[in-house]
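Okay, so here's just one chain, in structure tokens, the form predicted alone.
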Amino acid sequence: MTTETHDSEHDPFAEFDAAAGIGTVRDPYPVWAELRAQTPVFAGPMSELFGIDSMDEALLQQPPYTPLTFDAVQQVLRDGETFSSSGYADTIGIVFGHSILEMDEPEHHAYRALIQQAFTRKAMETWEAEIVQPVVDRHIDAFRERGSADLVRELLFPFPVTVIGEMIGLPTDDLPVFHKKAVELISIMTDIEHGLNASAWLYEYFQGIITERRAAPRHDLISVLAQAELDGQQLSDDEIIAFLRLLLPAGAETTYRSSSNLMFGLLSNPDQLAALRDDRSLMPQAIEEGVRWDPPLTSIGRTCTKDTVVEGVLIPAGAPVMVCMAAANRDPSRWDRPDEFDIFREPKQHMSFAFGPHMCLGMHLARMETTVAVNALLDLPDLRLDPEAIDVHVSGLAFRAPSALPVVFG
């Protein structure tokens, strides 16, 4: 059973959203477009252009460089030797531990090969049938008879964390505090005390479960990780705990935001919503368009290891690099009408799941979860935005999502 100290004044979800620009920065894309038209790589702090204090930039020792074009972003993410991920060790690595997020080759490759043993196609099919579909159905059943709902609060926010909790094998009663601790972890840049406390709490919590699973494996993710082996190498407790600390915010936070952004795009374009409802084979391209058009996480960090020219711009050795995947996804040299949401556009490689060696390990899980959730919503008759809702929109700078998606149906 979990225990924690309660702080009635502390709301990690609201505090994290505020630090990420949710509700403050409505639409960063015009600023990025203006900068991208001037230079493929912007030099200098970016957040001050939006009037907020960035979670990422606050800890940087020198001004960052921000690749904005598709080609610039792809070049940086493809070259893990020149653009190292190790800088994360000094920021969120403080609370995650030594995770895959901060690893460079060859360590990254070896660790990823071990972790991937838990994310097989067979595992994905089992999770979909035994966990994801039942979880989504339970959440929708709670408002099905009402004929109205806030899709963010009642489905899209809670379902991914519930899925991951069940994948890991956590007791249902532990999920709310587990979710809270995960959000406190990624708020380390703005609230170091709660971040460190959450890190210690999760370490103790997970270590007890890992010890149990090593002795008596079950059909859950922790058991697979505890038993995984490659060329005689196994994952230590610390390595498993670092991955589990990362999994919740990386999986639940991004999936909730990406599925919310996709549903906002569909609900705001009823003709495309109707087309998808009538032809579910369009689902894969709809999901890709959703994450291209407005990704849940707009940028990721790298450190330049040697003087390097990116699209004509010199990035000096040691410089922090904030790779703006969201700006790359709306590069007009790659996409026609890039600011428009259009599930019928020709599918092309986007940057929302990153690129190169660190391409998102959980992207297939995210796509599967989103497919299940959106299909279930499309089965609701005449699903549409609540006509009485005022100014429904996506917001945020570092992370993006709508704060609410009020809908009616039936």
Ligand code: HEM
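In case it trips you up, residue 1 is the first one in the sequence shown, and so on. Please read all numbers here as calculations on a predicted model, not as lab measurements.
Only in words, not in the display: the form predicted together with protoporphyrin IX containing FE, which the text now covers.
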Considering protoporphyrin IX containing FE in the model of the complex, find the one stretch among 195-203, 131-139, 273-281, 295-303 with heavy atoms no farther than 4.5 Å from it.
295-303
Since the partner isn't included here, can you check whether protoporphyrin IX containing FE sits close to all of N261, V374 and L383 in the model of the complex (heavy atom within 4.5 Å for each)?
no
Given that protoporphyrin IX containing FE is left out here, which of A43, A37, L49, C360 has a heavy atom within 4.5 Å of it in the model of the complex?
C360
Checking V321, M325, I222, A72 against protoporphyrin IX containing FE in the model of the complex, the residue with a non-hydrogen atom inside 4.5 angstroms turns out to be M325
Using a 4.5 Å heavy atom cut-off, state whether F157 contacts protoporphyrin IX containing FE in the model of the complex.
no
Quick check on F341: any heavy atom within 4.5 Å of protoporphyrin IX containing FE in the model of the complex?
no
Does V152 reach protoporphyrin IX containing FE in the model of the complex, with heavy atoms at most 4.5 Å apart?
no
Whether Y88 contacts protoporphyrin IX containing FE in the model of the complex should be assessed with a 4.5 Å heavy atom distance threshold; does it?
yes
Using a 4.5 Å cut-off on heavy atoms, what residues in 223-250 are near protoporphyrin IX containing FE in the model of the complex?
F243, L246, L247, A250
